[in-house]
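In structure tokens, one chain follows: the form predicted on its own.
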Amino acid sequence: MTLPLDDRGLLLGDGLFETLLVVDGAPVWWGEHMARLRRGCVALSLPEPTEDEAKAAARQVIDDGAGHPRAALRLTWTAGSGGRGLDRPSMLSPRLLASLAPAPRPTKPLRLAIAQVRRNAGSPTSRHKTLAYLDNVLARREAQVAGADEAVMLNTAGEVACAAAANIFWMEDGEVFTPALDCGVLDGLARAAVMARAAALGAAVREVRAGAEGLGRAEAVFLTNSLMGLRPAATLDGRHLKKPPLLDALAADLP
């Protein structure tokens, strides 16, 4: 599919996306991803894709990519074509794009670095998967230049928010913490699954507002997203971290 040069997603980042794990041809958490996409449409005042068109687009690329036992399905929903400038046309015709790529399960712990690029918790886009991801791109690049794999992003108040492409958790004195959603955090599906699993194990996660010093005291840090599930960190800014047995228990039910 070709993308017109006046597409608002291309020109202005006006749109949303969801990235789903596909295992043996079956999308994981389909309903949850679609519900989050619909919430994003409400927040951005976009029409919602129909279930039928989303399923048809997904099925086409999944069938075309048959043979990948584990793959990443991306659904991109743009505001469609529009005129020059910021104002949307009076009648929107959103555009749906779908793509598939191999997504082997990661096996190594991550090296993390706290980035200088900040997350704007005051922006509505911080809580939705919009197409405006340049801050995340720059944060990841900063971390890689520093010799890490992934960036930890603070918000503009200096509070821990997330990784460039994941939610973040840490452990201190046996307790598990994660940033509160109003820190500018995406309501991650794997985040929710880990929190539910932790509660079932009697290790309920505390949602907090914490500065970087909270991570500085952490004995363990781990990230979650729909593709990698739960992935522990080996280091944070060069400081070695532990991997408590609880992490394996929390990851047990993730795809």
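In this text the structure is predicted, and so the values were computed from the model without any measurement. Each residue number is its position in the shown sequence, starting from 1.
There is another form of the same protein, the form predicted together with another copy of the chain; it is not shown, and what comes next is about it.
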Distance check, R118 to another copy of the chain in the predicted bound form, heavy atom within 4.5 Å: yes
Interface membership of R140, another copy of the chain in the predicted bound form, 4.5 Å heavy atom rule: yes
Exercise: T78 in contact with another copy of the chain in the predicted bound form, heavy atom 4.5 Å: yes
4.5 Å heavy atom contact, L86 to another copy of the chain in the predicted bound form: yes
Proximity to another copy of the chain in the predicted bound form, single hit among L181, I114, V176, A165 (heavy atom within 4.5 Å): A165
One residue of L12, L246, A234, V23 in contact with another copy of the chain, assessed in the predicted bound form (non-hydrogen atom, 4.5 angstroms): L12
Residues of stretch 34 to 51 in contact with another copy of the chain in the predicted bound form (4.5 Å, non-hydrogen atom): L44, S45
